[in-house]
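Shown here is one chain on its own, the form predicted on its own, set out as C-alpha cells.
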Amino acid sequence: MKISVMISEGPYTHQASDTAYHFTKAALEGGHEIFRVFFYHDGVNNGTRLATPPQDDRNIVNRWSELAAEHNLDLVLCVAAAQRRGIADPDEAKRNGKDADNIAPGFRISGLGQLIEAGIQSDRLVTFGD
C-alpha cells in the first residue's frame, strides 16, 4: 500500500509527531511505501536543525532525518507555515533576506500542492495532530 502522512503538531508539544514517526517506521518495516511525509502548521517545527533536546531525551528531528536517509523519504515542510515559524532552507533564507537557514537534513520546503499530490498519489493519507 502507498501511504502519505501529514503531521500538524510540533515535536515536543504533542504526541502526534512521535506517533507519526512510529507509524511511518512500522509501515516501512511492514513493506508499505511511504510516498511523502508532509509537515503542516506547527508540524514544520519537526524540520529545524536548531532543536537541541536534552541528552537524555529523544531527538525527534534527528529521528526523522535518519529515517529519511535510510528509506529515501520525501519530508516536506509547508512553505507558508515554515516562514511564519522562522524555518528556512538556503533558498528561502536568501529570498527573504535572512542571514542563515535552519532546515534539518532530509527535509525540504514546498507548497500545499505537495500535500494535494500526496493525497492523489497515495492509497491512504494518514494525519496526525489537530
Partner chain sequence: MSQLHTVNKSPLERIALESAIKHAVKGNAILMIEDGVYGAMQGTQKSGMVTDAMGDISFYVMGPDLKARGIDEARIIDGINIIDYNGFVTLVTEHDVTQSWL
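Numbering follows the first chain given and starts at 1. As the structure is a prediction and not an experimental result, all values here were calculated from the model.
Just so you know, the form predicted together with its partner chain exists too; it's not on screen, but the next bit is about it.
Remark: K94 does not count among the residues lining its partner chain in the predicted complex, judged by a heavy atom distance of 4.5 Å or less. Put simply, R108 is far from its partner chain in the predicted complex: not one heavy atom of it is within 4.5 Å. When contacts are judged by a 4.5 Å heavy atom cut-off, H71 does not count as touching its partner chain in the predicted complex. Contact check for A27: a non-hydrogen atom falls within 4.5 Å of its partner chain in the predicted complex. For the partner-free chain shown, M1, I3, Q15, A16, T19, H22, F23, A26, A27, H32 of 1-33 come within 4.5 angstroms of its partner chain in the predicted complex, judged by any non-hydrogen atom.
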